[in-house]
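Shown below, as structure tokens, is a lone chain in the form predicted alone; questions about how it binds or moves come after it.
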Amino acid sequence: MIDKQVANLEAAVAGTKDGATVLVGGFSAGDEPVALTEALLTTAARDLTIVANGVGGPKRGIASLIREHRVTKIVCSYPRFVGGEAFAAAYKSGEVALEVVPQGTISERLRAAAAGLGGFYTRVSAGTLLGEGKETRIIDGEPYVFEHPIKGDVALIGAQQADRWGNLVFRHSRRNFNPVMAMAAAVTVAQVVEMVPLGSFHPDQVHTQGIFVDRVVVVDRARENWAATP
């Protein structure tokens, strides 16, 4: 019998290794799967590369990993916003490296990994600081830069509901990076608000199919800031 639900957060992130690339879903600190992100502190994993839309909130989630010196690099689209003090301090000190990637490009790099593609050319960042040092070519008279896939060792995502097969349903805009990250990682872990019986979802309702999900853990709403947001 397939049952991907695990008992607790520690079991959900067990096996995360030093130097892992961790994909963290959510558009901002407000919908980051904070409970899962912080659960990495129960492991011994260090020298992590975090791939996310931003750099986390002021105290929780990614910020917790940075303060505990578990992160050596962040790949994101928005490294500066109110509440990003933990990252700012670590970056200024040289403890954490930064790779800024435009939002659409980071999504496509994840999708390329999910699809087994070796990369793609894009006009975004061509001729800018973000494109320096990257392979370039002229296509139809326009400059393009080559972008490599982003493959995660672990993806931490948040959904509203799951069944025991790992099929997921997200709430409103919280689908964001979660589905593509689920497909782009070797191990995908989903925290959910509610487990539902198998067969509760019509196939057309499933946003991420269970084949892309390895572990599911239920997180109480009181512990999770994204789940508490209407």
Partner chain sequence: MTPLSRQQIAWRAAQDIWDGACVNLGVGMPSLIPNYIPKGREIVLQAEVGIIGMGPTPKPEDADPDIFNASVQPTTFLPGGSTFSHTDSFLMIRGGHLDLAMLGAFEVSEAGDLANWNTGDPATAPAVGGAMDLAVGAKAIRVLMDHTTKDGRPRILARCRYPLTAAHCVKVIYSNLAVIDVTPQGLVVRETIPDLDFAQLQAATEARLTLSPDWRVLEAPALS
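Computed from a predicted model, the values in this text were never measured in an experiment. Positions refer to the first chain, counted from 1.
Another form, the form predicted together with its partner chain, is not on view; read the next lines as being about it.
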| item | value |
| --- | --- |
| Its partner chain contact in the predicted bound form: residue 129, any heavy atom under 4.5 Å | yes |
| Residue contact check: residue 41 to its partner chain in the predicted bound form, 4.5 Å heavy atom | no |
| Residue 167 within 4.5 Å of its partner chain in the predicted bound form, heavy atoms | yes |
| Interface membership of residue 64, its partner chain in the predicted bound form, 4.5 Å heavy atom rule | no |
| Contact set, 107-122 vs its partner chain in the predicted bound form - heavy atom within 4.5 angstroms | 107, 108, 111, 114, 115, 116, 117, 122 |
